[in-house]
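Given as structure tokens, the chain that follows is alone and in the form predicted alone.
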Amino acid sequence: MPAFKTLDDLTDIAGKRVLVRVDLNVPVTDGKVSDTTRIERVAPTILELSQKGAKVILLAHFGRPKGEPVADQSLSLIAPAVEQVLDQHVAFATDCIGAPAADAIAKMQDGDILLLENTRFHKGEEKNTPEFTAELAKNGDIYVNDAFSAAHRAHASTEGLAHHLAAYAGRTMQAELEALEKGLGQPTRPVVAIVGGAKVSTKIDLLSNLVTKVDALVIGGGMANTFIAAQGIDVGKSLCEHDLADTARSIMETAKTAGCSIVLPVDGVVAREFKANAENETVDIKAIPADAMMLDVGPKSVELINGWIEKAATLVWNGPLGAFEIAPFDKATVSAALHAADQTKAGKLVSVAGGGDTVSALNHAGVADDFSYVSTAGGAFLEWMEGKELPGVAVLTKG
């Protein structure tokens, strides 16, 4: 990975205006932030800059206001939660450019923190227009990007600003990039990837990239059914994209050429209805009843998967192995997650996981804190796994 500058390269920043791109796109229920995880992730960067005497100016988006001010997508709703997490006063400006921003910044003392209004209230943000980017740049002397989760977008506040101001990676961005480098960039082999989730169609690029990079690819979730059906096995009423049989076969061919083992379920837990505690049975993969659907991989498959986890030096995980949201179809995901956590704690495994469902599944298994790194960046994490260049990262490594 090309070198990028971090906060370690920032010296004598007392009194400097530092524009910090953060991810504050957090869930809000009844006007209050219901999950502060993303705020907690960026707190170390904000507090470090503040303690060094910088004027910390936060840039963020919230929701999809499509370039117009929308009252219920104002960052003023998020400001109290930011203040609470940081345990420090956070001022708020009613715009991210122009007089409201300039006036609020003029009042700042060294170490103060200011949150500017939603960058997406301006069309120039998502279009990354030179005019809007220049207006944003007027507010700062230095640019720090700590929003890896928005790094797959070439927007004014995620990419454009790095062309105007000296650009640095914040602590969360740095941790993410270093973890990802250990996961797929320069990993210790053997590398095993676990990919689950409902559909192959949403992860074709991901699977195609992984089979050329990893030593074994474990496929679970609904997408495993598509691969099983592509081999001429009847999957009953299981979720399956039969029209992607050729794609599945092509991915398996690519894997074979690349020397990557594809690991598919050998047994499954099937039920006639999709609901918690539905009557179920464990069957061989070749004996799925015509009127049943596979909702989890079976115990023999879990044994197989755990065996691969034991062989691995590096594990990259995206997506659950079954319908983990409803018992008892969470067993395989929980069992494999616990095994990966144990191997990680024993110092035998570097484990990197990410994607919305994956984070929920690992939290459900109670092991999110035991993995080497769990990414909260959904789209950006997936695009990185697909081998795509992320504009917000690429711009930090240039020059």
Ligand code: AMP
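Note that the structure is a prediction, hence the values are computed from the model and not measured. For every residue, the number given is its place in the sequence shown, counted from 1.
Keep in mind the form predicted in complex with the ligand is missing from the figure; the text below concerns it.
Chemist: Would residue 143 count as a contact of the ligand in the model of the complex, using a 4.5 angstroms cut-off between non-hydrogen atoms?
Modeler: Outside the cut-off, so no.
Chemist: Just to confirm, residue 324 within 4.5 Å of the ligand in the model of the complex by heavy atoms?
Modeler: Judged by the heavy-atom cut-off of 4.5 Å, residue 324 is in contact with the ligand in the model of the complex.
Chemist: Is it the case that residue 120, even though its partner is missing from this view, gets within 4.5 Å of the ligand in the model of the complex, heavy atoms only?
Modeler: No, residue 120 is distant from the partner.
Chemist: Taking heavy atoms and a 4.5 Å cut-off, does residue 198 contact the ligand in the model of the complex?
Modeler: Although the ligand is absent here, residue 198 would touch it in the model of the complex, with heavy atoms inside 4.5 Å.
Chemist: In the model of the complex, does each of 239, 295 and 319 have a heavy atom within 4.5 Å of the ligand?
Modeler: Yes: each residue has a heavy atom within 4.5 Å of the partner.
Chemist: Picking from 93-101, 284-292, 164-172, 218-226, which part of the chain touches the ligand in the model of the complex when contact means heavy atoms within 4.5 Å?
Modeler: Heavy atoms within 4.5 Å of the ligand in the model of the complex occur in 218-226.
Chemist: Would you give me the residues of 30-58 that have any heavy atom within 4.5 Å of the ligand in the model of the complex, in order from first to last?
Modeler: Heavy-atom contacts to the ligand in the model of the complex: nothing from 30-58.
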